[in-house]
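In the block that follows, a single chain appears as structure tokens, in the form predicted alone.
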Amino acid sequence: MTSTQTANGITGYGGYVPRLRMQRAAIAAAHSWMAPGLRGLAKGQRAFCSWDEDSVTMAVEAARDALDSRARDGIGSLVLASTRPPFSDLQGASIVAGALDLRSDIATLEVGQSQRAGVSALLAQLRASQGNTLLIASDHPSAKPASTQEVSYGAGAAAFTLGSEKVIAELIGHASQVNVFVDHFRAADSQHDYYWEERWIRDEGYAKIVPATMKAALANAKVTAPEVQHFILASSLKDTASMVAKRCGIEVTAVADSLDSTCGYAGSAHPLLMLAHTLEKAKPGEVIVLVGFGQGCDVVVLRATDAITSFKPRRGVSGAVADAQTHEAYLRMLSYDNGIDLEWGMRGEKQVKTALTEQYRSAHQLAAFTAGKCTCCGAVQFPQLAYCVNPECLAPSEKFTRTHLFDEPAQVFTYTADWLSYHPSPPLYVGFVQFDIGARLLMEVVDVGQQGLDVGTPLRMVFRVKDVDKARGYPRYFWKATPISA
């Protein structure tokens, strides 16, 4: 075990949970012919990624929630934690940095390989105390159909800004322990996790490893168990946090909301998602204990400062959880997770190879959705061209200034619902989006709920997978529009 103290802390937070939720009863009903016992777990709903969401897109949305309108120039590094990166050899953190339009001279890093990757990354950055860091954990664990994990899993992301100014939660202690306790694993070429017996995981893993590390962390922080107001331990096994809290002498009332009934377990991102949710209601002076479990344990002890009352995320985890579209079509979730190979017809065979040279040349526009604003006539255009599109202006591009469209208010100008073109989530909603600042773009609209679309429907922009080159395994990212109301 290790222990030192630092003055660095959390300066902001945010979260993201996919809008799509699956009724657990629908999952259990689909498997009732061979696994009737799943009905006992069929309460509430779990989040699941749409076909165009992954750990990168969720990370961008969580970071936007944490950063909101704050200046981004001061961020010196970005760390992304996930066990489900979209690439084995292409850095997702750099894609996230591009979408957020961070400085090009920041350091980027990815960590993974364990369910405690998110907590470990947070602890490492707090101990390093090196400038302002954007730390993001994003995950969408995948389970084999008819397993208990399929019912309990979810998806989500959490983001934190770290630094030494306007700290809202400071690190007051910590402890770590390494232990190759294999409660589950996923082979390098496997899609799903393989789990061992649940009772053994609880009794030999959580019940012994966490309390020992907790004792060292609380001693390092010079606080006692009854002084802990918020205890965060994420697990896909129900009631694990309450069991461990009782063993450690922490009041059961201090156990944080697991978000199980609305989100499900979001893998390595889940402890930090719970932390972002907890910070929404923490009061100055309160002690927060965060546990990361997986091949050992990390325990982080934080104390909320007076500044916590002055920070608010854009909508927070609570807002993301409330922004839900509930589904009962189980095969939809299975298809989005590549768990079933459907016949999409010949239109689905279309090749979408990405021209990497053009993607690189236009990166400044595509990644951060950057339009050009003519300083002569005020016209806003995307993509930027060599001359102003206003026929009465025609000013050269040197007269343009950069402006991002991703946070600009917009609404539906025209739309169509296309059932003939191939789309992984039919129908394909596409139409012109009218931005309040004057830009008008032909865009794809996603996550359209039962209320549908209409001219004038308010929209917001989301970072998503534009399409997937299945032959070469390359997802291309871009911005899409979605109705503000779920």
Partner chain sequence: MATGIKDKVAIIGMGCTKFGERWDAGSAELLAEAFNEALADAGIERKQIEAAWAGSCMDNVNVGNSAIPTSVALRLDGIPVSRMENMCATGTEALRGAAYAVASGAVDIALAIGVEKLKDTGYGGLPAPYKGTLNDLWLPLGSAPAGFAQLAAGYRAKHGTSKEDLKKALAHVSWKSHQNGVLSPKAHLRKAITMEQILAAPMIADPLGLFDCCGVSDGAAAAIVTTPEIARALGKKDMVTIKAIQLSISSGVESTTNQWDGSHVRNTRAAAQRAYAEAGITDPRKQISLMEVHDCFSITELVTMEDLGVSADGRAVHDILDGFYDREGNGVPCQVDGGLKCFGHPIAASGLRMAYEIYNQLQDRASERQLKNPSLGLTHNLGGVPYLGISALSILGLHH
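Residue numbers count along the first chain shown, from 1. The model shown is predicted, which means the values in this text are computed figures rather than measured ones.
The same protein also exists as the form predicted together with the partner chain; that form is not shown, yet it is the one meant from here on.
Colleague: Verify the contact flag for Pro36: yes if a non-hydrogen atom of it lies within 4.5 Å of a non-hydrogen atom of the partner chain in the predicted bound form, no if not.
Modeller: No, no contact at 4.5 Å.
Colleague: At 4.5 Å between heavy atoms, is Val389 in contact with the partner chain in the predicted bound form?
Modeller: Output for Val389 is yes: heavy atoms within 4.5 Å of the partner chain.
Colleague: Looking at the partner-bound form in the predicted bound form, is Pro383 within 4.5 Å of the partner chain by any heavy atom?
Modeller: It does: once the partner chain is placed as it appears in the predicted bound form, Pro383 has a heavy atom within 4.5 Å of it.
Colleague: Does the partner chain come within 4.5 Å of any heavy atom of Met346 in the predicted bound form?
Modeller: Answer yes; at least one heavy atom of Met346 falls within 4.5 Å of the partner chain in the predicted bound form.
Colleague: Which one of these stretches, 41 to 49, 419 to 427, 28 to 36, 56 to 64, sits within 4.5 Å of the partner chain in the predicted bound form when only heavy atoms are counted?
Modeller: Among the listed stretches, the partner-contacting one is 419 to 427.
Colleague: Quick one: from Ser261, Ser190, Ser310, Ser362, grab the residue that has a heavy atom within 4.5 Å of the partner chain in the predicted bound form.
Modeller: Filtering the options by heavy-atom distance leaves Ser362.
Colleague: Which residues within 337 to 368 place at least one heavy atom within 4.5 Å of the partner chain in the predicted bound form?
Modeller: Residues within 4.5 Å: Met346, Arg347, Lys350, Gln351, Thr354, Ala355, Glu358, Gln359, Ser362, Leu366.
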